[in-house]
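Following this are structure 1 and structure 2, which are two forms of one protein chain, each written alone as structure tokens.
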Structure 1
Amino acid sequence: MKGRFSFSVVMALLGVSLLVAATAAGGTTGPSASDKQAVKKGGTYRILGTSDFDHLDPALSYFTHSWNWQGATQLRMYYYPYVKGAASQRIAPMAATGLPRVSNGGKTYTITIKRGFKFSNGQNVTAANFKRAFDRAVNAKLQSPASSFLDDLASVRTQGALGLQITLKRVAPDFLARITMPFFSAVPTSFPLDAEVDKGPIASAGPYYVQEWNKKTSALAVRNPNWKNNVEPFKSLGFANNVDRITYSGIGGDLATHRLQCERNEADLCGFPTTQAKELADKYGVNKGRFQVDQDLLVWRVDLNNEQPLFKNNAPLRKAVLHALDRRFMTAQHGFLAGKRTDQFIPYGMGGFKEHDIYSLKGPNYAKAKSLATPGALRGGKAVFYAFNRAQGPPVAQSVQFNLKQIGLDVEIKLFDRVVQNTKAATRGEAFDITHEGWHADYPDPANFINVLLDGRRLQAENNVNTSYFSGAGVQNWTQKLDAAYSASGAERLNLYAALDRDVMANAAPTAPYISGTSRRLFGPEVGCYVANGQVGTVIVNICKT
């Protein structure tokens, strides 16, 4: 599994993604002002983003703002419902008739697709269209990020026109959650297995489809003419589909400018500089319709490299670092209402999160840190920090540098473009001691954090997401515990993950999580009917212009 981090987080901090997409667990909060206002049909929903989509082909698209569009254009088998409250955390069928029938000891899933869905080009949606999505995802030449979510896939077969049978190699309680990701949307069987579809119109079976994509300039989605709100199978989904058109522009622009464009009603959804969040909150109020803040499943952390000489088998120094950090100051660097301080790996709001209170969240505990950072543990006292050169990258790195200097560790900061920094840190053996990373849940399950990021067996030569290169040293039977938690289910599963979170942070301290993030969104004056969704961000099919 690769996780949505490298893209969504990259983009978020480049100021690219307006929508640091939340995951379904956090779901939605806050009343929208528009609840009271008249809902109007029609109009254009104008999104501004500083960066283009990575892809609009569902097999490849992985940026947060791309998933936002997939939410409006794609038809998935299952999804986290576009509602507020607890219901948003329970997987519901979208194109499927109901939950899958599970057999073969939990390894085979049989799904039936509802009759009646149609692509924008008029073709009927059948099980073959979903099979196509799996076939494309695992195609080596297409290099879909989805392939990393299908390690355990044994086979996908259609049964008649509407039946789909998926068999796994082993039991995976998170499988249903995984296939809620837009990668597994219905695609026309004419989509090539090994090549990207990037020229509009891009046929899709959701309420809208991409009519135009002018790379690095703009994109336009319009209504799928074959989506009929008032008849089944569409009716029971209850998508409002208020707006006629969705546009995306502003690429290459400046966040401060985008902000003003939303304020002047030149756009409907905009990014803004982190330093202006307070100003916007004061001006429009929080969660009153214009400035929305939602808890997100996103954790930023400072990774210590457990395979380089400084921190390798050096738990005392790693703990000393975690005691010395000023989490309050580091969190502040993400801006007003950017999230809560944390010292834990699992984000707030995720199943399996329990408050453990291991390190100081108020400020550095230099006394404790110094007692651990003995000359022996310091091993010469020099560290190399790979940081990124934009947004909160430089200030967070400098804050860490200052904190660690107080315990006798001299940190040399090397700044890179985010993509470059990420690529370097993801290469095993690269000579860094500290790096700055964020992880954004692809779907709301603690396995998407703990198993993906802290399992040493997943380490490879390049493209690692476990950038602390932690493989369990310091925690007894780590891998066995990982496996046990992964295949457990229900409350037991969550308890096991909570215990893993505590064990790893208190005993091994391989990395220093410091903020459990939110997503903050600024809307134009005419936008209403706001609902946030963990995977697709602002639910476009629900948005209305007033």
Structure 2
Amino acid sequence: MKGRFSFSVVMALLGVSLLVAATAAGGTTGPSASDKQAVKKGGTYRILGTSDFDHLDPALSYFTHSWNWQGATQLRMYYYPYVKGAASQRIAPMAATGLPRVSNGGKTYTITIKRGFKFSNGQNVTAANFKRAFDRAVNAKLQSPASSFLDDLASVRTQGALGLQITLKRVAPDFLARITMPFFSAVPTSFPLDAEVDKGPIASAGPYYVQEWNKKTSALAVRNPNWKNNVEPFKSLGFANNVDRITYSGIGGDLATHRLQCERNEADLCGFPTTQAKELADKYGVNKGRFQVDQDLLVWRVDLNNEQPLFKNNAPLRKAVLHALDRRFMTAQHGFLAGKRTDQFIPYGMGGFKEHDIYSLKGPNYAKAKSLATPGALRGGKAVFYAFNRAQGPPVAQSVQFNLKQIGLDVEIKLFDRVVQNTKAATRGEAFDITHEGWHADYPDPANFINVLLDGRRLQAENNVNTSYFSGAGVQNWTQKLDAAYSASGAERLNLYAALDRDVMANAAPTAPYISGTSRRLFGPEVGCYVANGQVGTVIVNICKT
């Protein structure tokens, strides 16, 4: 939502995870969206991003901007509706005929798929296509990030052409929310179980499909010729499906140049230097059309690798790092209206967040940090920091380097392209001590932060999202507490997660959160019909050119 690894288009496509499905789903209406006479059908929606997609195979895709495309190309059984207001916070059927029939004490979900959906290659969508998505997600050779959401899956079976029965090992209050993620979109049964599909055309059953993907250069999505807005089962979804084509380019480009391209109407959605956010807000206003800011369930953090010698079983040094950081400076590197300083793992605005005031948000507390960073805790005093080389990446890394130097820790910064950095950090055994990561909620539940990112039982060889490699050391009965919170519901669930957030940050300090963020977007002068969905970002299926 990777709650995804955060990789926002507007913020240089540098950060997420994976996209706040409910509380940020409302969004605001863009220029001329209320003027129906100004809305046109057709045209090309031109997106500029500095970094490539991680994947366009729905089983592997996990960057925020990748999910933006998945929102336009993939057909899911359930989703958070692309509307404003309270309705955006209630899960609704997309390909399913209605909500599941739940039996077996809450562990079995029986779902019926609507008849009539077709893939871009003309094949009918059946229950088997959704089963294929689950089978790929759990295939160990594919190493899908979706596997971390399915540790409670017992079986998936088809029942005739349109019936799907999913059985869990235990009751899971967030299961329906989980399967709204693009990982579980319908895919052709010809998609291999153990290999990525990464060359266009990539058949899909949503309103658009990927016709071309030229890696590190560009991508093109065009209308699914079999998607018919004026008849069922398509009509009741109400997707406007306005533009004919969606292009993605600008990879490796300069953010200042991208901004100028949007202002010259050479592109429709652009990144911009974070230092220019205040200027853009003053020039266009906030949420008046061209410059949009939406609340997000997003946290940026500095992960400390709990499996490498420096920080392994070394809670005193990890706490020292959290006391030493200058969150005020780090947050400022994200620019105007980027978010609020935090020292907690659960973001502001998500159920289960309670202010605990564990570490200083005003600046470094070197006295406390030095009392913990004893010679024994420093273990030689050297650390390797994997950082990304654009936007806020270098200055945040340099700030951490300076802060930790004050407590006796020498930090070597290694800069990479964002995709490379995240891929390396997500590989278990990689020789780094610190990495810079963002997480954008996949769906609005605290389990999507705490369980997904801090449960060592989910670790695998590659594609890990738990890049602190934390398994619970320092918190008594950690896994039992995780399971208890996960199985609870209502106010009890939120209170248990608030306690977990406090305990893990105060006692184990496996990671150093510093900003709970927003999403900021700059549009070209002809873009209208703007609605933001926390899970997939800008709703491309409704975007229009005016």
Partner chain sequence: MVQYLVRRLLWAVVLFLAVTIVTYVIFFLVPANPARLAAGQAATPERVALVEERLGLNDPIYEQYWGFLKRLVFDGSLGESFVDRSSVNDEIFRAAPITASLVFGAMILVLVISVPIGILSALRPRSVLDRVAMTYVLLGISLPSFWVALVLSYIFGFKLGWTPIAGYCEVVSVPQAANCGGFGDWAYHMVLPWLALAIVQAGIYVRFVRAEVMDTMTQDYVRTARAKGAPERKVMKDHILRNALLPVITILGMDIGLLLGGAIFIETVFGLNGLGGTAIRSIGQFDLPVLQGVVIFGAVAIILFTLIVDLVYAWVDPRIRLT
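None of these values were measured; they are calculated from a predicted model. By rigid core we mean the largest C-alpha set that fits within 1.5 Å across both forms. Residues are numbered by position in structure 1's sequence, first residue being 1.
In this comparison the chain labelled structure 2 is the form predicted on its own, and the other chain is not. When one rigid part swings against the other between the two structures, the hinge lies at 296 among 353, 268, 385, 296.
This chain moves as two rigid pieces, and the smaller piece turns through 21° between the two structures. In the rigid-core superposition between the two structures, residue position residue 422 carries a C-alpha shift of 6.8 Å.
Here residue 407 exhibits a Cα shift of 10.8 Å between the two structures, evaluated on the superposed rigid core.
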